[in-house]
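Next up: just one chain, as structure tokens, the form predicted alone.
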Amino acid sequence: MKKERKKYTLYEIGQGYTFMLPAIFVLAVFIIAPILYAIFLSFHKVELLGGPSYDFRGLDNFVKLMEDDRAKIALWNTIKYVVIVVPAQTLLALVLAATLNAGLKGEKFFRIVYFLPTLTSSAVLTLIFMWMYNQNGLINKLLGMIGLPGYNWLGDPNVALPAIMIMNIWSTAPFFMTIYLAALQDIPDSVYEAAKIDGANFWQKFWYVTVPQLKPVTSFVVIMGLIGTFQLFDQSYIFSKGTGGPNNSTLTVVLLIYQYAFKNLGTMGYAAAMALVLAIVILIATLLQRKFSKEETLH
């Protein structure tokens, strides 16, 4: 009897894996295999011209990374971008969601309007903002209408990266707004009624009731924001035409990886090492955020 049961269980397991086989195949071929191949490349000097060749270099690519001035600039630009954009888009998303959840007139209309940037292609949004930031663009024309001089927004190294930050905050906050909005609608009315009985005003209810109730959602939003901002590429590429200019002010880690991998074909291994380090940095940042959010929940 036990034998029959064992055979039947193995049959069920085999049947389950058969159903999972297409998903496992796709996962292995398009995710796991490229990751393993990138790790392999990071320890080699790779030549793609005239047939691929691999020369094992050990940790040389990682040592070179520590001495690369452009890599340091790209990392610093990326960190500045993450530190400013993630809190700003999270706060804006929360404020927009709370506003829409307040039961104002025209709520459905504003919900659609706020969400429109998320539906627009990133490349299209970047081109629109480039036109706005252009010397003959919308912003300078508005400044001219009130008697102020125009400005070279895209040509100033001190302004180029903040210009991309503003565009990304505006375009990504609506996506997180919908997540917050769904979470806000799950908070029981009885909690707010109890706070009202205790004499809490609007801001006290928001700070002491709404914000604590949204901590798990905020943790998710911040983690998704960290992953997305560390991987900034397309906006920086389009703004600078792939150079990371002006004066490396919009050079990000992913853009630098692209330059080393596809513009300088002899540095594919170095680019893979840089990509591996970036993945580790994102992983560490995500784990730290999860740790802090768990500690806050416990306290």
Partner chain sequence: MPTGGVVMKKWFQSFLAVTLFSASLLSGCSQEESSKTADGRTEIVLSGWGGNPTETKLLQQTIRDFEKKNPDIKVKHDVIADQYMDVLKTRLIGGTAADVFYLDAFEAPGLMEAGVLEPLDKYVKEDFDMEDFEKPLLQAFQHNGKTYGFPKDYSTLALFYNKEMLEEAGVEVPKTWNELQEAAKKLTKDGVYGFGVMPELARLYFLAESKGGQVMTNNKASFASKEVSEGLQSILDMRLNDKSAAQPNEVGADSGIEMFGQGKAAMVLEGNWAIPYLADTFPDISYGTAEVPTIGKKNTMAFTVAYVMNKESKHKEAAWRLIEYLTGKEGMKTWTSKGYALPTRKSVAKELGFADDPLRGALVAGASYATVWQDGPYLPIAQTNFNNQFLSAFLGQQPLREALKKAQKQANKEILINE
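Residue numbers count along the first chain shown, from 1. The shown structure was predicted, so the numbers you read here are calculated from the model rather than taken from an experiment. Rigid core (definition): largest C-alpha set, two forms, superposition within 1.5 Å.
What comes next is about the form predicted together with its partner chain, which is not displayed.
Residues of just one listed stretch (127-135, 209-217, 101-109, 223-231) have heavy atoms within 4.5 Å of its partner chain in the predicted complex: 127-135.
Within this chain, Tyr237 lines the site of its partner chain in the predicted complex, having a heavy atom no more than 4.5 Å away. Its partner chain is not drawn, but in the predicted complex it has a heavy atom within 4.5 Å of Phe30. The shortest heavy atom separation between Thr120 and its partner chain in the predicted complex exceeds 4.5 Å. Asn248 belongs to the set of residues with a heavy atom inside 4.5 Å of its partner chain in the predicted complex.
Heavy atoms of every residue among Leu21, Gly266 and Tyr270 are located within 4.5 Å of its partner chain in the predicted complex. Residues of 201-222 that come within 4.5 Å of its partner chain in the predicted complex, judged by any heavy atom, do not exist; none qualify. Remark: with the core as the superposition reference, the CA shift of Lys141 between this form and the one not shown reaches 2 Å or more.
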